[in-house]
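Listed next as structure tokens is one chain, alone, in the form predicted on its own.
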Amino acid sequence: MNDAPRTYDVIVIGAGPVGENLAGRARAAGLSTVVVESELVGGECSYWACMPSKALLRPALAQADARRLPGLKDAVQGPLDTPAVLARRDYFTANWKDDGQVAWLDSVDVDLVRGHGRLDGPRQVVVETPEGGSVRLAARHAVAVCTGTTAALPPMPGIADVNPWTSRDATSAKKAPRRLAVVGGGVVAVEMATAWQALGSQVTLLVRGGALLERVEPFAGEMVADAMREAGVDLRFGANVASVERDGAGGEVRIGLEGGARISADEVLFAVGRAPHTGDIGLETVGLKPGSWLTVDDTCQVTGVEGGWLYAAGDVNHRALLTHQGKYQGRMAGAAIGARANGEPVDDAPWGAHVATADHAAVPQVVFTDPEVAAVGLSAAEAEQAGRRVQVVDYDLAHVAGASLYGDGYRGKARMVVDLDRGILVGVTFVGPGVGELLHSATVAVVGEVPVDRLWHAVPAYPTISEIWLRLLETYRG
């Protein structure tokens, strides 16, 4: 290694969507910037999460929509063309090549160093390159950790010998297993169970608790569960996995449940949580614990590190484990770094303060199941637990003209949670086919704290599903 470091204003460890956005915003502020990446530029979202998973799910959801439409449903009763779906998935991942993302870095004049980056004291990063060498980098202003998370596996004896699927395997598999067991009840579990059931697998979904999607309104998980059963998923609640073993290399997987029941499958996916990808990035050299989440303030500056030079954006700071929130944090952090480097305030910028305030009470999320689940802000229970005086307003989406056009048997529900003392919305949830595109209007209403009385004058187009806003307001007024 050449002892003389390559010096930049900003070093970003991790070139996923978060790191890219942070680097781009820092560079736009006039700061020289380099990103370090050990895998593919574009990160988890581009190659193993958001994009491939939605490419797998979209045909399943389109087919479900088509089967509700007279005049079309008889033409789409056959199975999906699984090889064609997988080929389209491969297209969306660019066949796991990152040439296009590297070209974007070049276009904004951000340098790239490939290899495993580790902190080596304040403002210092050492990169072990694929060729076996190393590169030392030094930062004038900031180092940003954007390394994300990895799939967590339960501490179960012999689990490594089973070679279980994680989310990466579930989104990159080359064929549909005949039998797939999915362990978990959260977003990854229900989305991948939906996708692979539609692609030809017989899916058994093993949920430790008594509900799906426990972080959203209870009716959302109930409606998704009903639809998954109708699609053929073997859904089991209260199913605690006690053991797992594989019958030789490539053989079937045998899963033992507490109580003595056993299940056989060709593959098993564990979707039981995420862990911070910080175990081997040199945190101990700056007084932090390896493998820990990184606590940050609203500019994504890591607390407890002297000098204010270390930042952490995206999943790694555990504020909101969603790609769009991580990208938002990256933009805010990059702008804050630029403002501080240029001697400007971070809380009084022309385009708004460079602080990630949206991580607190207005986080939007879509679950791409059939039906879709779209939610932002607080659930009714969360609002009540926070001591707010609220009114919960529900409406059956099937009674909205625009929704009825989606086909026979449309099932959906909408809920808004109104803070009665302030006259604003603090949470909105939609469940039903096609509701994902409703979510941004709800996010604007919650983030903007738009008075309910003003929402009456935001007139929805007819006949669209967005007319649900009118129906919710009418129900609220009584």
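For every residue, the number given is its place in the sequence shown, counted from 1. Treat the numbers as computed from the prediction; the structure is a model and nothing was measured.
The form predicted together with a small molecule is left out here; the points below concern that form.
- Proximity to the small molecule in the model of the complex, defined as a heavy atom within 4.5 Å, singles out one entry of 188, 207, 228, 110, which is 188.
- For the candidate set 355, 257, 321, 94, a heavy atom within 4.5 Å of the small molecule in the model of the complex is found for exactly one residue, namely 321.
- Residues placing heavy atoms within 4.5 Å of the small molecule in the model of the complex fall in a single listed stretch, namely 145-153, out of 194-202, 145-153, 298-306, 386-394.
- Remark: residue 115 counts among the residues lining the small molecule in the model of the complex, judged by a heavy atom distance of 4.5 Å or less.
- Residue 171 belongs to the set of residues with a heavy atom inside 4.5 Å of the small molecule in the model of the complex.
- In the model of the complex, the small molecule lies within 4.5 Å of some heavy atom of residue 17.
- None of the heavy atoms of residue 410 is located within 4.5 Å of the small molecule in the model of the complex.
- Contact here is defined as any heavy atom lying within 4.5 Å of the small molecule in the model of the complex, and by that definition each of 37, 49 and 274 is a contact residue.
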